[in-house]
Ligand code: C2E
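Starting off, we have a lone chain in the form predicted on its own, written out as structure tokens.
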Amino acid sequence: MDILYNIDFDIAAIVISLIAVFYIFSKKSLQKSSNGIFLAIILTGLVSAVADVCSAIANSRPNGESFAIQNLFNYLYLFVHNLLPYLILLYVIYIFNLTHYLKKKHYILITLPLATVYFFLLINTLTQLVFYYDENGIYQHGLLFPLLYTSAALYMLSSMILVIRFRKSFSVQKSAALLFYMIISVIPVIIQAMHPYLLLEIFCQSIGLMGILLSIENKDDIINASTRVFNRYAFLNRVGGALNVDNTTLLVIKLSNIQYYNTTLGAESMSGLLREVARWLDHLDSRLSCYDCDNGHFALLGEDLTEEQSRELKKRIFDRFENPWGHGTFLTTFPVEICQIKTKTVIHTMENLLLILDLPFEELNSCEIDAAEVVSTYQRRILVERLINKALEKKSFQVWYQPIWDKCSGRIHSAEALVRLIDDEFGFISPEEFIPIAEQNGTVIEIGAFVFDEVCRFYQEHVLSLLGIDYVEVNLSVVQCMNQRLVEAFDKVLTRYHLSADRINLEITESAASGNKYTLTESVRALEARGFRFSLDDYGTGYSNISYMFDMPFKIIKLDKSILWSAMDPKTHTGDKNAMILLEHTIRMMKEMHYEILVEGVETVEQKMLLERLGCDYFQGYYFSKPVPGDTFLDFIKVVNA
């Protein structure tokens, strides 16, 4: 008697599986391990469906087929179909980046249910405990056949628990796709148990796998459309699980001055060149995945590379970037910087990782960057920012004064006010460190206001004019000048201390004046009208045109100490001939333009005598005094100007 199995659903599953295989290969998505596991799942489902069709046909006609063929297809189906839940669990483990949590013993434990099933299938010809054929040759389930369902249930339940546990690592859509597959795989098992000849199970599983393919395995949302490698979103999803893994290799490769190349070559040509770079990096090593993290920043992420192999990879990258890259008619070279990150020992948070990923390495002046240095620099910056805020809150900034000597009178006639940050726990923080940070985060406005208020109070309280101090120089930052109420704020302070504006000389650096001329002009003119005087600070350190000097009401030009020290070293009293010519001609030119000249960095009597001979007006430096606290400054000028 023939038994009629409904194989229509199996045939549909075969068609769906073939479409899935074609889609995967057409998308060229087989280079990464997760895709390899998923392809194995698809192929396992395909073979399982084919074997189910063949075994169903053989079992339907027990007297029409040879026993050997019937037995072969039944064994093939059971061996392959029971592998599917196991592969699904491995797939879930991989896509949630859980491999680093598992050791060899865990994989043995995971494989144990499948191994048990396979053991009983292998000895089934002797025991007939899994399946057998009755006297009519009809296929029947044995006593241990539920073991197959138990094994599959364990794997599916474990997979479902992992998906729910780590669902936040994925989007809602992708987590739902995995849960949908598991649910749709279980329901037909129940239906088929009640209707054993309705072969529905593999068809439903193929539908679920297609859902995974079009969501999780669809790379369109994680592929950079221009460079055609994984994008930043994919990197952030993948790298989260690698932060605490010993054997993770992470190389960050950055092309320097990428904005310059974008402007020079144009967006279209630059996209083509970056595509070539990405393609080369993507094929550099099959163990590494390449990610385009935007702005010419790439990441290579993988596992199980030794230190020697990592060094060889970096050498290959450096060697390749010494040669030009081409696209169309364009041929250019890119300076490259590389940072190898030891995630477990250096990168403890995603914040630190993103810092390294986004920070322009050229700020660290090295081609091969130490990740620990980057993190340390960042942590130091955070500390300094905290200390700045603490000092502002407690008003614990200090104002020190460095005397300025007047050649004509032979006295200390003014001083430069210099802000100092001395924390009770961390000690002295250099202005060269905290001022740039304050300028970047905007706290320099509050610091400037504090210094201005303190200088005015100090000048008026100690009646510095009677001690021969005509004025005090106060640094004015460009950030302060962007404050439209700067003049109003200064005016309130002057009124509070009954101080004339000409007692304050505002210093503006050369780089600030040249780079932000139009921003400065309005504020400077308003301050000049109020009675303030101005100095140009650090002349000789910038690269700008001298024309900005004509638009600003500078009275004093302060020459940076680098010019003096190049002409006459304070230790050897020798210097570069051309530097001496530059110093002489600069002073002569400024004098002919009717500026007063102040030279910084005067440390020896020989330097002082040189500058006197050249006609300088004012001198500032350690030869006269270092910057000192207010009380010390008062004692100093009382003696010197007595």
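Residue numbers run from 1 along the displayed sequence. Remember, it's a predicted structure, so these values are computed and weren't measured experimentally.
Just so it is clear, the following notes concern the form predicted in complex with the ligand, a form of the same protein that is not shown.
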Does the 4.5 Å heavy atom contact test between E337 and the ligand in the predicted bound form come out positive? no
Whether V602 contacts the ligand in the predicted bound form should be assessed with a 4.5 Å heavy atom distance threshold; does it? yes
So in the predicted bound form, is the ligand close enough to D537 to count as touching (4.5 Å, heavy atoms)? yes
Report yes if any heavy atom of H81 sits within 4.5 Å of a heavy atom of the ligand in the predicted bound form; otherwise report no. no
Select from the listed residues D285, E454, D470, E507 the one whose heavy atoms reach within 4.5 Å of the ligand in the predicted bound form. E507
Just give me the single entry in I435, L255, L200, L89 that has a non-hydrogen atom within 4.5 angstroms of the ligand in the predicted bound form. I435
Assert contact_stretch over 472-480, 105-113, 376-384, 521-529 against the ligand in the predicted bound form, heavy atom within 4.5 Å, equals 472-480
Go through 559-575 residue by residue and record those having a heavy atom within 4.5 Å of the ligand in the predicted bound form; state none if no residue qualifies. K561, W565
